[in-house]
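Presented as structure tokens, the chain that follows is alone, the form predicted alone.
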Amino acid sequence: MCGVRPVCVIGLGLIGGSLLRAASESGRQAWGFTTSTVDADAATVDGFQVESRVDGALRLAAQRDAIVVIAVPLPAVDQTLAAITAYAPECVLTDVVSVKGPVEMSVRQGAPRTRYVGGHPMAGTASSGWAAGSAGLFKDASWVLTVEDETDLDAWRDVARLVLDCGAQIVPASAAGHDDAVARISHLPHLLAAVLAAVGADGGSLSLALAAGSYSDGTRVAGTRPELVRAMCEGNRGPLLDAVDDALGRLGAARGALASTGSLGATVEAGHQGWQALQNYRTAERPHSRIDLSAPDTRETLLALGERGGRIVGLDGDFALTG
């Protein structure tokens, strides 16, 4: 593919490994590095280029002017940025970490010469590691790309093209807006799933014998490795506290109503309306439009698109195609 950047993926777990596969399948030059010998060996056996040292992977990225993708858990980001600063300090840089504010801050402090565009694909499973990934993981998934005052729009376009090549659709957002949203639709569900799983298990063998679809569906993400859940939830502490307060307020109201009147009508109805809002969003027809990525107000236009739930589904020269 002429005119597109190669891709260097640091971290080859579920998301990083799927990204390496998808980028390669799209025709891009792509290689990776991981500290996991299990994932490295598996990726190599599957025919992918895996460098034995992070400096080797990043030197290659600098030589080929590649997009460097950070695909490690939040606690490992600073160490990864130190290596990037040493060996590929001016590359286009993105990430797939599930919180954006802390990564934005770390990049500004630790790798200020990179052209950074924050990213987060809203895709995954409760499984982890190279073996859990696939090239099709991102098909039609929402993939947040951050837009800030400091964002280099040429770099943003390069990363956007990579995201679209992986089969995803782009939702522009600020780092703060992203973190507030995922606290409610990702991090709080992980926390509630953990609580629900523990409450059910506390009921003993009879409860577990009777556990069916509602319990299995509600606890699915509790099967995620605990250290990964802690990293993303604790890394988004402020917004998650707000979401937990909202949930506790609603649970408190439900308990009060159940104790006093025996009715859970308001709680159940509000929940059903929330579920219906999601279905309506997913089935709604959205107008197609074109955003001029060279216009002076491009940042504001992109953020407004994301705020109203719009997505970018293609690129055509200087224009982003929405739908």
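Heads up, when I say rigid core I mean the largest set of C-alphas that superpose within 1.5 Å between the two forms. In this text, all values refer to a predicted model and were calculated from it rather than measured experimentally. Residue numbers run from 1 along the displayed sequence.
Here the subject shifts to the form predicted together with another copy of the chain, a form of this protein not shown in this document.
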Candidate stretches 225 to 233, 147 to 155, 85 to 93, 109 to 117 - the one whose heavy atoms come within 4.5 Å of another copy of the chain in the predicted bound form
225 to 233
Does H272 reach another copy of the chain in the predicted bound form, with heavy atoms at most 4.5 Å apart?
yes
Consider L264 of the chain shown here, and say whether it contacts another copy of the chain in the predicted bound form, taking contact as heavy atoms within 4.5 Å.
yes
Any of the heavy atoms of G306 lying within 4.5 Å of another copy of the chain in the predicted bound form?
yes
Partner contact for R237 in the predicted bound form: another copy of the chain, 4.5 angstroms, heavy atom:
yes
Just to be sure I understand the contacts: of A76, A135, A131, L196, which is the one whose heavy atoms reach within 4.5 angstroms of another copy of the chain in the predicted bound form?
L196
With the partner left out here, which residues of 192 to 217 have a non-hydrogen atom within 4.5 Å of another copy of the chain in the predicted bound form?
L192, A194, V195, L196, A197, A198, V199, G200, A201, D202, G203, S205, L206, S207, L208, A209, L210, A211, A212, G213, S214, Y215, S216, D217
Core-aligned, does Q109 move its Cα 2 Å or more between this form and the one not shown?
no
Is R184 one of the residues whose Cα moves 2 Å or more between this form and the one not shown, with the core superposed?
no
